[in-house]
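Here we start with a single chain on its own, the form predicted alone, put down as structure tokens.
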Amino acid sequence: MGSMKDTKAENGAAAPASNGGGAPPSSGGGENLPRRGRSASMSSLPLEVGTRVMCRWRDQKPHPVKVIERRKIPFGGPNDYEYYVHYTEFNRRLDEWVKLEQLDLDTVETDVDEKVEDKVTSLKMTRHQKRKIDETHVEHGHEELDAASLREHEEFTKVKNIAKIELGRYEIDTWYFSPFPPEYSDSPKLFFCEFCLNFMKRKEQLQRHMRKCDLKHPPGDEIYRSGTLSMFEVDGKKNKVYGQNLCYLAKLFLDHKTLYYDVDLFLFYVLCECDDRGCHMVGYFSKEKHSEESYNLACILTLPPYQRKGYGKFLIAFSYELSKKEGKVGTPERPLSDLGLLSYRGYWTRVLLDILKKHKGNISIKELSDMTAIKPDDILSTLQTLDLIQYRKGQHVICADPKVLDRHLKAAGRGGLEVDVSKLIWTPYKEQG
């Protein structure tokens, strides 16, 4: 299948996208939804796709949902269905199949015309708020699709096809649809070899595979090792199957991605925690071998069990260290999601504030770019967000008041894991024989 380029850094830059399994941030809305129709009784079963109703979530509290799909329960009665629902307060990754007893039928609402609702909603919401409504607005990361293609994409990916995976010592709940080959689409759980990333439908298949698989780390070259952390560079052309399997795996946790079927064009940088059993993948980023737009990162992911440990920031920092080695400025592939922008803005903020805090005298955006490999446009937008730049007499002037810098540094929080550049042994792709 192929390499999927993130059209936004996510999540792991995306690490901030995880909430450790707790209740996710609300996207507005709430439990007191306006009624759009008369209450339904058992006589209205089965519920139609598009129905809105209150559903008991894992916190044992009712939350508003919209029915996305339904399926018959084998050997059940005519009204015995399970329902795939989207929690309208939460991110799409929490969509799930629920049983009828989780739904409060006294709160059933007949759905209004979506086009009319969109027009009314768009008048009341800011652009930032509209980004958070998944089911009625364009998903960011798919702006390159026309309306018909977008509808087809949303229809095709609306229901998660794989509920869980086993990877190494972790069993992980998936978040999104991933286009696995059809023979795997009916598997509630897939079992991955954590080293070669081959996947199977049954545990015994994985056990047989592990007895034969001689890999103990990702294929490719180890370009960094510091303590128990290692980074491997994997060439998609030389390790096509691994690259494809990595993309299948990543798509389970990244919503805003476009699928490309040629991994030959990409390099994958796989971060691992190493012990006496081998090198265990915690996350990765990919980049095009040749990018006309100076993109230094196409897709980024920290796997859920390893999120909120600083690995996402480490991956971003690592991508910029490679840019420095290349003698280029870099920027992540656009468009960025809200969370992707948040992750990068956090990195840019920390790096720029550290320099401004230590630097004596004036410094230009060009000088900051040369020092950090961050694209001037990204520096300018970050400093504008921090209110650290003014436009005077036809040019931008950085205003770095020490007290303001200290306040921003405190708000920025800790910097995360540091990349020890002395441990990086790497030759840029264009220079490889």
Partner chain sequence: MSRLSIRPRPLDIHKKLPIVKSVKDFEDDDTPTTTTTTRNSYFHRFAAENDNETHQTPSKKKLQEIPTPQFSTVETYERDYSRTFAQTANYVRGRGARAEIGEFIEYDLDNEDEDWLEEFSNERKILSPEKFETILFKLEVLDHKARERSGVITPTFGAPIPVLLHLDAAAEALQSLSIRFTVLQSIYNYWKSKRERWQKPILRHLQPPPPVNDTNPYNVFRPREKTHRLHTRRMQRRENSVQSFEKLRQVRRSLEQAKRVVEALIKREEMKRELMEYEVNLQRVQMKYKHEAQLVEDQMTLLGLQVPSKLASSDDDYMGSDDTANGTRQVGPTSVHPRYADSNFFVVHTGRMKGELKRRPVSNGWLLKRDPDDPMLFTRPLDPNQLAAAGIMQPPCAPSINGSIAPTFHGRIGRGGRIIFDRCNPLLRAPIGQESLPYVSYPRPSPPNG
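Residue numbers count along the first chain shown, from 1. Small disclaimer: the values here were computed from a predicted structure and weren't measured. The term rigid core refers to the maximal set of C-alpha atoms that superpose within 1.5 Å between the two forms.
The same protein also exists as the form predicted in complex with its partner chain; that form is not shown, yet it is the one meant from here on.
> Pick from 74 to 82, 184 to 192, 97 to 105, 324 to 332: which stretch has non-hydrogen atoms within 4.5 Å of its partner chain in the predicted complex?
Replying inline: Contact-bearing stretch, as computed: 184 to 192.
> Thinking of 93, 247 and 288 as one candidate spot, does its partner chain come within 4.5 Å of a heavy atom in every one of them in the predicted complex?
Replying inline: Verified in the predicted complex; spot residues all in contact, yes.
> Contact between residue 357 and its partner chain in the predicted complex at 4.5 Å, heavy atoms?
Replying inline: Result yes; residue 357 sits at the interface with its partner chain in the predicted complex.
> Is residue 230 a contact residue for its partner chain in the predicted complex, using a 4.5 Å heavy atom cut-off?
Replying inline: It does: once its partner chain is placed as it appears in the predicted complex, residue 230 has a heavy atom within 4.5 Å of it.
>> Taking its partner chain as it sits in the predicted complex, is residue 310 near enough to touch it, meaning that at least one heavy atom pair lies within 4.5 angstroms?
In response: It does not: once its partner chain is placed as it appears in the predicted complex, residue 310 has no heavy atom within 4.5 Å of it.
>> Whether residue 349 contacts its partner chain in the predicted complex should be assessed with a 4.5 Å heavy atom distance threshold; does it?
In response: Heavy-atom contact with its partner chain at 4.5 Å: absent for residue 349.
> Which residues, if any, of 216 to 239 lie within 4.5 Å of its partner chain in the predicted complex when only heavy atoms count?
Replying inline: Heavy-atom contacts to its partner chain in the predicted complex: 216, 217, 219, 220, 221, 222, 223, 224, 225, 227, 230, 232, 238, 239.
>> On a rigid core superposition, would residue 412 pass a 2 Å threshold for CA movement between this form and the one not shown?
In response: The answer is yes, as the C-alpha of residue 412 shifts between this form and the one not shown by 2 Å or more after core alignment.
>> Would residue 396 count as moving between this form and the one not shown, using a Cα shift of 2 angstroms or more after superposing the core as the test?
In response: Where the cores coincide, residue 396 still shows a C-alpha shift between this form and the one not shown that is 2 Å or more.
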